[in-house]
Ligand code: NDP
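As structure tokens, one chain now follows by itself in the form predicted alone.
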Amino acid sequence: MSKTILITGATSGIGKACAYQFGANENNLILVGRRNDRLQELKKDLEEKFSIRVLTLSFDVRERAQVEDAISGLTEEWKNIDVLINNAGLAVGLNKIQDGEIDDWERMIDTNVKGLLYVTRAISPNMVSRKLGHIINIGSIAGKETYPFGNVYCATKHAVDSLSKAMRIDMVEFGIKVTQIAPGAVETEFSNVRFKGDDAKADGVYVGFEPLRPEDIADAAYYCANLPKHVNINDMLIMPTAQASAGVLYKV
């Protein structure tokens, strides 16, 4: 039986890979992103390849009013979301706290924490009323370990870790599943954003070892979302074989 899956940050990386993974398995998709041109291209390709229904919502998760307007405006055929994948997130900058750029901090906090909360607050009441639903938060190894130059980014992902536990506590009586998937190094646009468009520095992050691919995380999300009703994966930490911890990578 097909489900309705809402994915934030769907235009690239893990979010895009999740769209293809769930779409290939005949689920209908609500894809959220800021880049509407990419959303439309993705919608067209998914519908042609998999004969599924795809709804696109172009808004910024950092903007509370945009989130509320988009979710409250869903029609009857789309409002019953079975799986929410809170994937939108980013890291910006590598400054120490004493040299930190406040705009970078606010962008990370607004996206990684407040954006996740806005979307969850808009969607979870319907899950609670139906006593049915699954929230999958894409966290990070940065939410398990704090590493040099990671300060505020690590803090936001620690918040995702804590919020995932809190959501599970708050909604367990309604049968709502909550899963956090926390990847290590995944080759996406992540490093390009962190280095603010410096492709040379970003590409160097993944030299000398085989990082995770977005599809690896999408596979994990699909697995978690399709377990029996009585089974939930609370927390999944996924690392490339070459990565032992946040700061330990074996490069050749």
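The model shown is predicted, which means the values in this text are computed figures rather than measured ones. Numbering starts at 1 and follows the sequence shown.
FYI, the form predicted together with the ligand isn't displayed, but the following is about it.
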Consider the chain as shown here, without its partner, and state which of D60, E210, D219, D198 has a heavy atom within 4.5 Å of the ligand in the predicted bound form.
-> D60
Which listed residue (V83, A88, I71, M127) meets the criterion of a heavy atom within 4.5 Å of the ligand in the predicted bound form?
-> A88
Based on heavy atom distances of at most 4.5 Å to the ligand in the predicted bound form, which listed stretch, 47-55, 23-31, 61-69, 220-228, is the contact stretch?
-> 61-69
Even though the ligand is not shown here, does V193 get within 4.5 Å of it in the predicted bound form, heavy atoms only?
-> yes
Classify E189 as contacting or not contacting the ligand in the predicted bound form by the rule of any non-hydrogen atom within 4.5 angstroms, answering yes or no.
-> yes
Decide whether H134 counts as a contact residue for the ligand in the predicted bound form under a heavy atom distance cut-off of 4.5 Å.
-> no
Just to confirm, S140 within 4.5 Å of the ligand in the predicted bound form by heavy atoms?
-> yes
